[in-house]
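Shown below, as C-alpha coordinates, is a lone chain in the form predicted on its own; questions about how it binds or moves come after it.
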Amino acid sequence: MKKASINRRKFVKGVSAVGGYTIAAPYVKTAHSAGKLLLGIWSHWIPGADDMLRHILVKWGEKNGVEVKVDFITSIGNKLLLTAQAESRAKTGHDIFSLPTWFGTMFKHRLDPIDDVVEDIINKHGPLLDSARFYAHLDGHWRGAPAPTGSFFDSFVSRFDLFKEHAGIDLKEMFPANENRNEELINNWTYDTFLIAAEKLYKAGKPFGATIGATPDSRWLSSLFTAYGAELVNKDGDISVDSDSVREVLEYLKKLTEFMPKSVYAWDDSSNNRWLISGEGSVISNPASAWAVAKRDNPNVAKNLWHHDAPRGPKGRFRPDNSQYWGIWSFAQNKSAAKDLLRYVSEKSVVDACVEASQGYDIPLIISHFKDNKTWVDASPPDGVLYNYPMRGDEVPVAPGYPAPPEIASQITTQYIIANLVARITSKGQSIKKGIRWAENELEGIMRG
(Lines give C-alpha, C1' and ligand atoms only; values in the text may rest on other atoms or scores of the structure.)
Protein backbone atom coordinates (compact mmCIF):
# COMPACT_ATOMS: atom_id res chain seq x y z
CA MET A 1 0.00 0.00 0.00
CA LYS A 2 1.29 3.44 -0.92
CA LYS A 3 1.84 6.09 1.73
CA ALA A 4 -1.27 8.21 2.14
CA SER A 5 -2.11 11.45 3.89
CA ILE A 6 -3.49 11.43 7.44
CA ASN A 7 -6.93 12.79 8.22
CA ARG A 8 -6.36 15.56 10.79
CA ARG A 9 -9.67 15.04 12.61
CA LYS A 10 -8.88 11.38 13.16
CA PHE A 11 -5.36 12.32 14.24
CA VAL A 12 -6.70 14.76 16.86
CA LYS A 13 -8.96 12.03 18.18
CA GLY A 14 -6.07 9.61 18.39
CA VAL A 15 -3.79 12.02 20.20
CA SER A 16 -6.55 12.86 22.66
CA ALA A 17 -6.33 9.29 23.91
CA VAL A 18 -2.88 9.93 25.27
CA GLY A 19 0.65 13.71 27.49
CA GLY A 20 18.04 30.92 44.08
CA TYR A 21 20.06 29.11 41.20
CA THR A 22 22.52 31.21 39.24
CA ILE A 23 22.66 30.75 35.48
CA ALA A 24 25.87 32.15 34.07
CA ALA A 25 25.30 31.61 30.35
CA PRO A 26 25.88 34.71 28.24
CA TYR A 27 23.10 36.28 26.25
CA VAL A 28 23.08 39.07 23.71
CA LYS A 29 19.76 40.83 23.25
CA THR A 30 18.67 41.57 19.70
CA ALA A 31 17.21 44.89 18.63
CA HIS A 32 13.63 43.59 18.73
CA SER A 33 13.70 41.23 21.69
CA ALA A 34 12.18 43.59 24.28
CA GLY A 35 8.49 43.57 25.16
CA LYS A 36 6.31 40.76 26.48
CA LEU A 37 6.71 37.03 26.00
CA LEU A 38 4.04 34.47 26.91
CA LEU A 39 4.89 30.79 27.39
CA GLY A 40 2.56 27.80 27.71
CA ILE A 41 4.74 25.08 29.25
CA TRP A 42 4.07 21.49 30.29
CA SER A 43 3.73 21.19 34.07
CA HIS A 44 6.32 18.83 35.49
CA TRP A 45 5.56 15.71 37.52
CA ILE A 46 8.46 16.34 39.93
CA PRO A 47 7.70 18.88 42.70
CA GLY A 48 9.95 21.93 42.47
CA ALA A 49 10.91 21.50 38.81
CA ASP A 50 8.40 24.11 37.61
CA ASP A 51 9.61 26.58 40.23
CA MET A 52 13.19 26.28 39.01
CA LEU A 53 12.21 26.75 35.37
CA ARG A 54 10.04 29.77 36.16
CA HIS A 55 12.94 31.33 38.07
CA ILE A 56 15.29 30.81 35.10
CA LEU A 57 12.86 32.25 32.57
CA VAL A 58 11.81 35.27 34.60
CA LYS A 59 15.44 36.13 35.47
CA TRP A 60 16.35 35.94 31.79
CA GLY A 61 13.54 38.36 31.03
CA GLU A 62 14.58 40.79 33.75
CA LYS A 63 18.14 40.89 32.43
CA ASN A 64 17.06 41.42 28.84
CA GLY A 65 14.14 43.80 29.01
CA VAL A 66 11.49 41.17 28.32
CA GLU A 67 8.41 40.72 30.51
CA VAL A 68 8.13 36.94 30.71
CA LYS A 69 4.91 35.23 31.79
CA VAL A 70 4.85 31.45 32.16
CA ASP A 71 1.69 29.35 32.35
CA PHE A 72 2.42 25.79 33.48
CA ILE A 73 -0.27 23.56 31.97
CA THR A 74 -0.85 20.02 33.18
CA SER A 75 -1.17 17.14 30.75
CA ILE A 76 -3.66 15.47 33.11
CA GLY A 77 -7.04 15.30 31.44
CA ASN A 78 -5.39 16.30 28.13
CA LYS A 79 -5.41 19.93 29.27
CA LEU A 80 -2.14 20.73 27.50
CA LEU A 81 -3.44 19.23 24.26
CA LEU A 82 -6.82 20.95 24.54
CA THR A 83 -5.10 24.30 25.13
CA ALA A 84 -2.88 23.78 22.09
CA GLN A 85 -5.90 22.89 19.96
CA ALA A 86 -7.82 25.96 21.13
CA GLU A 87 -4.92 28.33 20.48
CA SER A 88 -4.20 26.78 17.09
CA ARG A 89 -7.80 27.27 15.97
CA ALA A 90 -8.16 30.76 17.41
CA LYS A 91 -4.71 31.82 16.15
CA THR A 92 -4.01 33.57 19.42
CA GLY A 93 -2.49 32.69 22.76
CA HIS A 94 1.06 32.09 23.89
CA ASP A 95 4.21 32.86 21.91
CA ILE A 96 6.10 29.69 22.87
CA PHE A 97 4.29 26.41 23.51
CA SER A 98 5.40 22.99 24.73
CA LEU A 99 5.45 20.22 22.12
CA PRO A 100 5.57 16.79 23.77
CA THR A 101 6.22 13.87 21.39
CA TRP A 102 3.65 14.16 18.58
CA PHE A 103 2.47 17.75 19.16
CA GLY A 104 4.96 19.00 16.56
CA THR A 105 3.51 16.66 13.94
CA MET A 106 -0.04 17.58 14.85
CA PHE A 107 0.39 21.37 14.87
CA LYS A 108 3.14 21.82 12.28
CA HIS A 109 0.81 23.93 10.11
CA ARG A 110 0.67 26.49 12.97
CA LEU A 111 4.35 26.39 13.99
CA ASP A 112 6.94 28.76 12.59
CA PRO A 113 10.01 27.15 11.00
CA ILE A 114 12.93 27.79 13.37
CA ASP A 115 15.82 26.36 11.36
CA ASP A 116 18.02 29.31 12.30
CA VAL A 117 17.49 28.68 16.01
CA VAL A 118 18.15 24.95 15.94
CA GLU A 119 21.14 25.37 13.63
CA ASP A 120 22.59 27.92 16.07
CA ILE A 121 22.06 25.46 18.94
CA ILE A 122 23.74 22.62 17.04
CA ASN A 123 26.63 24.82 15.90
CA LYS A 124 27.29 25.91 19.48
CA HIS A 125 26.58 22.76 21.48
CA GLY A 126 26.87 19.89 19.00
CA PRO A 127 24.34 17.40 17.63
CA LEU A 128 20.97 16.44 19.06
CA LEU A 129 19.79 12.90 19.65
CA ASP A 130 18.79 11.26 16.36
CA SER A 131 15.20 10.96 17.56
CA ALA A 132 14.92 14.76 17.69
CA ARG A 133 14.92 15.00 13.91
CA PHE A 134 12.17 12.37 13.73
CA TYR A 135 9.93 14.29 16.14
CA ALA A 136 10.67 17.92 15.30
CA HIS A 137 12.11 18.22 11.76
CA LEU A 138 8.92 18.17 9.72
CA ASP A 139 8.23 19.00 6.09
CA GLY A 140 11.84 20.06 5.64
CA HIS A 141 12.00 22.45 8.61
CA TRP A 142 12.66 22.39 12.33
CA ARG A 143 9.33 23.12 14.04
CA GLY A 144 10.60 22.66 17.59
CA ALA A 145 13.78 23.32 19.57
CA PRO A 146 14.99 21.19 22.51
CA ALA A 147 12.97 21.87 25.66
CA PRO A 148 15.01 22.23 28.87
CA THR A 149 12.56 20.04 30.80
CA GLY A 150 10.22 17.11 30.28
CA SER A 151 12.19 14.79 27.99
CA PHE A 152 12.86 11.34 29.43
CA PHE A 153 13.86 7.79 28.62
CA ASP A 154 12.27 4.59 29.87
CA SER A 155 15.22 2.68 31.25
CA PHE A 156 14.91 -0.66 32.96
CA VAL A 157 14.43 -0.09 36.71
CA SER A 158 15.19 -3.25 38.64
CA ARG A 159 15.54 -4.65 42.12
CA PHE A 160 19.21 -5.65 41.99
CA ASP A 161 18.84 -7.67 45.20
CA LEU A 162 16.08 -9.82 43.69
CA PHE A 163 17.93 -10.32 40.41
CA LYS A 164 21.01 -11.51 42.28
CA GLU A 165 19.11 -13.75 44.69
CA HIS A 166 16.63 -15.38 42.32
CA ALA A 167 18.12 -15.02 38.81
CA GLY A 168 21.84 -15.14 39.58
CA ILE A 169 22.43 -11.84 37.74
CA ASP A 170 24.50 -9.08 39.31
CA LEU A 171 23.11 -5.92 37.68
CA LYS A 172 25.51 -3.62 39.53
CA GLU A 173 28.46 -5.60 38.16
CA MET A 174 26.98 -5.64 34.66
CA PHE A 175 26.04 -1.94 34.70
CA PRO A 176 28.41 -0.30 37.20
CA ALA A 177 28.18 3.34 38.19
CA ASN A 178 31.34 4.12 36.24
CA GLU A 179 32.82 3.72 32.75
CA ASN A 180 34.37 0.29 33.43
CA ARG A 181 31.76 -1.92 31.84
CA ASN A 182 32.48 -5.59 31.20
CA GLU A 183 31.66 -6.09 27.52
CA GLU A 184 31.22 -9.84 27.91
CA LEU A 185 28.54 -9.34 30.55
CA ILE A 186 26.88 -6.59 28.53
CA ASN A 187 26.80 -8.71 25.38
CA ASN A 188 25.08 -11.50 27.29
CA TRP A 189 22.29 -9.17 28.38
CA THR A 190 19.82 -10.15 25.64
CA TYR A 191 16.09 -10.66 25.53
CA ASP A 192 16.70 -14.40 25.67
CA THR A 193 18.65 -13.91 28.90
CA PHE A 194 15.92 -11.65 30.22
CA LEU A 195 13.26 -14.26 29.47
CA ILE A 196 15.12 -16.81 31.62
CA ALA A 197 15.46 -14.24 34.41
CA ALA A 198 11.80 -13.25 34.12
CA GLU A 199 10.72 -16.87 34.63
CA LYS A 200 12.87 -17.22 37.77
CA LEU A 201 11.62 -13.96 39.21
CA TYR A 202 8.03 -14.94 38.47
CA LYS A 203 8.45 -18.25 40.27
CA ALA A 204 9.92 -16.34 43.22
CA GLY A 205 6.76 -14.22 43.34
CA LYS A 206 8.49 -11.04 42.12
CA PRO A 207 7.73 -10.76 38.39
CA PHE A 208 8.51 -8.23 35.69
CA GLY A 209 5.62 -5.84 35.11
CA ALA A 210 4.80 -3.42 32.28
CA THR A 211 1.48 -2.30 30.87
CA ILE A 212 0.04 -3.93 27.75
CA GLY A 213 -2.87 -1.63 27.16
CA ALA A 214 -4.17 1.59 25.65
CA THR A 215 -1.94 3.89 27.66
CA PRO A 216 1.35 5.69 26.85
CA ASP A 217 3.51 3.47 29.09
CA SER A 218 2.95 0.63 26.62
CA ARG A 219 5.70 2.23 24.51
CA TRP A 220 8.14 -0.36 25.91
CA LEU A 221 6.56 -2.76 23.43
CA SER A 222 7.51 -0.53 20.52
CA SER A 223 11.19 -0.53 21.52
CA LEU A 224 11.04 -4.32 21.89
CA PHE A 225 9.58 -4.57 18.38
CA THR A 226 12.41 -2.37 17.09
CA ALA A 227 15.00 -4.60 18.79
CA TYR A 228 13.64 -7.47 16.69
CA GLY A 229 13.44 -5.40 13.49
CA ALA A 230 9.65 -5.73 13.61
CA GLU A 231 7.95 -2.89 11.72
CA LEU A 232 4.26 -2.21 11.33
CA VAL A 233 4.89 0.40 8.64
CA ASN A 234 8.26 0.95 6.96
CA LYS A 235 10.09 4.24 6.43
CA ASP A 236 8.41 4.70 3.04
CA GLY A 237 4.94 4.51 4.57
CA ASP A 238 4.12 1.00 3.32
CA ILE A 239 2.38 -1.49 5.61
CA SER A 240 4.93 -4.17 6.55
CA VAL A 241 3.42 -5.89 9.60
CA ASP A 242 3.11 -9.27 7.85
CA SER A 243 6.73 -10.29 8.31
CA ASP A 244 8.91 -12.94 9.94
CA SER A 245 10.32 -10.37 12.37
CA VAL A 246 6.84 -9.45 13.63
CA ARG A 247 5.96 -13.12 14.04
CA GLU A 248 9.24 -13.67 15.92
CA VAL A 249 8.66 -10.86 18.42
CA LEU A 250 5.07 -11.94 18.98
CA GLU A 251 6.22 -15.51 19.70
CA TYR A 252 8.69 -14.04 22.20
CA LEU A 253 5.97 -12.02 23.90
CA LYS A 254 3.74 -15.08 24.16
CA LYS A 255 6.48 -16.59 26.33
CA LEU A 256 7.36 -13.44 28.28
CA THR A 257 3.78 -12.62 29.26
CA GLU A 258 3.47 -16.02 30.92
CA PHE A 259 5.82 -14.63 33.57
CA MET A 260 4.08 -11.27 34.02
CA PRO A 261 1.12 -10.32 36.25
CA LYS A 262 -2.18 -11.05 34.53
CA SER A 263 -3.38 -7.58 35.52
CA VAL A 264 -0.98 -5.76 33.16
CA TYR A 265 -3.66 -5.59 30.47
CA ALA A 266 -5.65 -3.23 32.74
CA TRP A 267 -2.73 -1.15 34.05
CA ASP A 268 -2.53 2.60 33.56
CA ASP A 269 0.63 4.73 33.52
CA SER A 270 0.94 4.79 37.31
CA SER A 271 0.35 1.08 37.89
CA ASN A 272 3.90 -0.14 37.26
CA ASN A 273 5.30 2.57 39.55
CA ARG A 274 2.95 1.67 42.40
CA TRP A 275 3.59 -2.04 41.90
CA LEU A 276 7.38 -1.70 42.06
CA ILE A 277 7.27 0.71 45.00
CA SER A 278 4.98 -1.66 46.91
CA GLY A 279 7.69 -4.32 46.83
CA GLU A 280 5.70 -6.77 44.70
CA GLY A 281 7.66 -6.31 41.48
CA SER A 282 11.27 -6.86 40.45
CA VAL A 283 11.61 -4.77 37.26
CA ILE A 284 9.73 -2.18 35.20
CA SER A 285 10.46 0.09 32.22
CA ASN A 286 10.25 3.68 33.45
CA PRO A 287 11.98 7.03 33.94
CA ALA A 288 13.48 7.98 37.31
CA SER A 289 10.15 8.95 38.88
CA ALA A 290 9.45 5.53 40.44
CA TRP A 291 12.72 5.66 42.36
CA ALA A 292 12.10 9.27 43.41
CA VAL A 293 8.74 8.32 44.93
CA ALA A 294 10.12 5.14 46.47
CA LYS A 295 12.66 7.21 48.39
CA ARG A 296 9.74 8.90 50.12
CA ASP A 297 7.18 6.11 50.37
CA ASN A 298 9.22 2.91 50.67
CA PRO A 299 12.93 3.52 51.39
CA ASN A 300 13.61 -0.21 51.73
CA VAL A 301 12.67 -0.65 48.06
CA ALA A 302 14.46 2.51 46.90
CA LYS A 303 17.81 1.42 48.33
CA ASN A 304 17.69 -1.75 46.20
CA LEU A 305 16.75 -0.16 42.85
CA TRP A 306 19.08 0.18 39.86
CA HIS A 307 18.53 1.88 36.49
CA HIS A 308 20.17 0.11 33.57
CA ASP A 309 20.17 -0.74 29.86
CA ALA A 310 17.45 -2.68 28.11
CA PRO A 311 18.29 -6.16 26.81
CA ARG A 312 19.61 -6.49 23.27
CA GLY A 313 17.51 -8.02 20.52
CA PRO A 314 18.56 -9.41 17.12
CA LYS A 315 18.70 -5.87 15.67
CA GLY A 316 20.17 -4.00 18.62
CA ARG A 317 19.39 -2.44 21.97
CA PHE A 318 16.71 0.27 22.08
CA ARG A 319 15.19 2.50 24.73
CA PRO A 320 11.80 4.24 24.48
CA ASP A 321 12.21 7.94 23.78
CA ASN A 322 9.72 10.52 25.03
CA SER A 323 11.04 13.90 23.94
CA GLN A 324 9.72 17.41 24.45
CA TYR A 325 10.31 20.48 22.33
CA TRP A 326 9.33 24.13 22.44
CA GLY A 327 7.85 25.71 19.35
CA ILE A 328 6.84 29.22 18.28
CA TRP A 329 3.28 29.70 17.07
CA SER A 330 2.97 31.31 13.66
CA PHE A 331 0.69 33.91 15.28
CA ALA A 332 3.16 34.70 18.12
CA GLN A 333 3.39 38.39 18.96
CA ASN A 334 7.09 38.44 19.88
CA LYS A 335 8.93 36.01 17.66
CA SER A 336 12.30 37.70 18.03
CA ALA A 337 12.36 37.36 21.82
CA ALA A 338 10.94 33.85 21.52
CA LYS A 339 13.85 32.77 19.32
CA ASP A 340 16.34 34.36 21.69
CA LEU A 341 14.84 32.49 24.62
CA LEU A 342 14.91 29.14 22.77
CA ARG A 343 18.61 29.65 22.19
CA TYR A 344 19.18 30.59 25.83
CA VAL A 345 17.41 27.57 27.39
CA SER A 346 19.71 25.28 25.37
CA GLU A 347 22.70 26.49 27.43
CA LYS A 348 24.24 23.72 29.51
CA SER A 349 23.94 25.71 32.72
CA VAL A 350 20.17 25.97 32.19
CA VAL A 351 19.81 22.29 31.34
CA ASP A 352 21.94 21.21 34.31
CA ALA A 353 19.80 23.28 36.67
CA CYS A 354 16.63 21.68 35.31
CA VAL A 355 18.07 18.16 35.56
CA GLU A 356 18.97 18.80 39.19
CA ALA A 357 15.55 20.26 40.00
CA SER A 358 13.84 17.21 38.45
CA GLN A 359 16.01 14.84 40.56
CA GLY A 360 17.52 13.45 37.39
CA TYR A 361 14.21 12.80 35.60
CA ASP A 362 14.88 15.19 32.70
CA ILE A 363 17.09 14.00 29.84
CA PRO A 364 18.89 16.55 27.62
CA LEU A 365 18.32 16.29 23.88
CA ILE A 366 21.72 17.86 23.21
CA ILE A 367 24.27 15.05 23.38
CA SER A 368 27.11 17.14 24.82
CA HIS A 369 24.93 18.06 27.80
CA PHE A 370 25.11 14.49 29.09
CA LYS A 371 28.70 15.13 30.14
CA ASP A 372 29.79 16.32 33.57
CA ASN A 373 26.32 16.34 35.09
CA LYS A 374 26.66 15.33 38.74
CA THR A 375 22.94 14.74 39.34
CA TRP A 376 23.00 11.24 37.86
CA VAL A 377 26.41 10.47 39.37
CA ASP A 378 25.66 11.61 42.92
CA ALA A 379 22.08 10.33 43.27
CA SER A 380 21.44 7.95 46.13
CA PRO A 381 20.35 5.70 47.77
CA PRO A 382 21.87 3.45 46.66
CA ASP A 383 25.03 5.15 45.44
CA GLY A 384 25.03 5.09 41.63
CA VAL A 385 21.31 4.38 41.27
CA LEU A 386 20.84 6.89 38.39
CA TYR A 387 24.24 6.64 36.74
CA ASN A 388 22.92 4.50 33.86
CA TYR A 389 19.59 6.33 33.51
CA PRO A 390 21.09 8.51 30.76
CA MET A 391 22.30 6.12 28.07
CA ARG A 392 25.92 5.11 28.65
CA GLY A 393 26.33 2.18 26.28
CA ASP A 394 25.02 1.02 22.91
CA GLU A 395 21.33 1.76 23.45
CA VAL A 396 19.56 3.85 20.82
CA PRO A 397 16.57 6.07 21.68
CA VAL A 398 13.60 5.20 19.51
CA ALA A 399 10.25 6.90 18.99
CA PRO A 400 7.14 4.69 19.24
CA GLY A 401 5.97 3.60 15.81
CA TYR A 402 9.41 4.05 14.23
CA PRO A 403 10.42 3.79 11.36
CA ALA A 404 7.05 4.80 9.93
CA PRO A 405 6.89 8.47 8.84
CA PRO A 406 6.00 10.69 11.82
CA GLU A 407 2.41 11.29 10.70
CA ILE A 408 1.80 7.54 10.60
CA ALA A 409 3.96 6.64 13.61
CA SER A 410 1.90 9.06 15.69
CA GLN A 411 -1.28 7.23 14.69
CA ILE A 412 0.25 3.85 15.47
CA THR A 413 1.18 5.20 18.90
CA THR A 414 -1.95 7.12 19.86
CA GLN A 415 -4.26 4.33 18.66
CA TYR A 416 -2.11 1.79 20.55
CA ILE A 417 -1.98 -0.63 17.66
CA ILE A 418 1.12 -2.46 18.95
CA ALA A 419 -0.29 -2.88 22.46
CA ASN A 420 -3.66 -4.04 21.12
CA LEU A 421 -1.97 -6.48 18.75
CA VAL A 422 0.08 -7.97 21.58
CA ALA A 423 -2.94 -8.16 23.90
CA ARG A 424 -5.03 -9.96 21.28
CA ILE A 425 -2.43 -12.69 20.97
CA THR A 426 -1.13 -13.00 24.52
CA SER A 427 -4.35 -12.42 26.48
CA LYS A 428 -7.25 -13.22 24.17
CA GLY A 429 -5.66 -16.25 22.56
CA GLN A 430 -5.94 -14.99 19.00
CA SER A 431 -3.56 -16.61 16.52
CA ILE A 432 -0.60 -14.61 15.27
CA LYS A 433 -1.96 -14.90 11.74
CA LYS A 434 -5.32 -13.39 12.75
CA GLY A 435 -3.62 -10.74 14.88
CA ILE A 436 -1.48 -9.60 11.95
CA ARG A 437 -4.55 -9.49 9.72
CA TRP A 438 -6.31 -7.32 12.33
CA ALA A 439 -3.29 -4.97 12.46
CA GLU A 440 -3.25 -4.71 8.66
CA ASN A 441 -6.90 -3.66 8.66
CA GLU A 442 -6.24 -1.03 11.34
CA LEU A 443 -3.27 0.35 9.45
CA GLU A 444 -5.22 0.44 6.20
CA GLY A 445 -7.83 2.51 8.03
CA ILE A 446 -5.14 4.96 9.06
CA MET A 447 -3.92 5.23 5.48
CA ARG A 448 -7.42 5.79 4.12
CA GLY A 449 -8.15 8.43 6.79
Partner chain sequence: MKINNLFIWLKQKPRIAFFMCLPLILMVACLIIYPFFYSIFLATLNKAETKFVGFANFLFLFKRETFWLVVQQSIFFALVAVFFKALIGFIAAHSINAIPSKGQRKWRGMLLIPWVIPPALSTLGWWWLFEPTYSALNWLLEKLSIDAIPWLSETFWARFSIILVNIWVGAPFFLIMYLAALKSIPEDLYEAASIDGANYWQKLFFITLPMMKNIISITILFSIIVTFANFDIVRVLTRGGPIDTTHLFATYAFRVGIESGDIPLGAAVSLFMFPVLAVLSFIILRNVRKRTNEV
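Residue numbers count along the first chain shown, from 1. Being a predicted model, the structure only gives us computed values, none of them experimental.
Although it is not shown, the form predicted together with its partner chain is what the next lines describe.
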Legend entry - Residue stretch of 334-342, 250-258, 263-271, 170-178 approaching its partner chain in the predicted complex, non-hydrogen atom distance within 4.5 Å: 263-271
Legend entry - in the predicted complex, the residue from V117, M106, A357, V241 that sits within 4.5 Å of its partner chain by heavy atoms: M106
Inset, instruction - Identify whether its partner chain in the predicted complex is within 4.5 Å of every residue in the set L82, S278 and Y416, based on non-hydrogen atoms. - result: yes
Legend entry - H44, heavy atom within 4.5 angstroms of its partner chain in the predicted complex: no
Inset, instruction - May I ask you to check whether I366 falls inside a 4.5 Å heavy atom distance of its partner chain in the predicted complex? - result: no
Inset, instruction - Could you confirm whether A214 comes within 4.5 Å of its partner chain in the predicted complex, counting heavy atoms only? - result: yes
Legend entry - in the predicted complex, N78 touching its partner chain (heavy atom, 4.5 Å): yes
Legend entry - Contacts with its partner chain in the predicted complex - residues in 413-441 whose heavy atoms fall within 4.5 Å: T414, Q415, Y416, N420, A423, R424, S427, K428, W438, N441
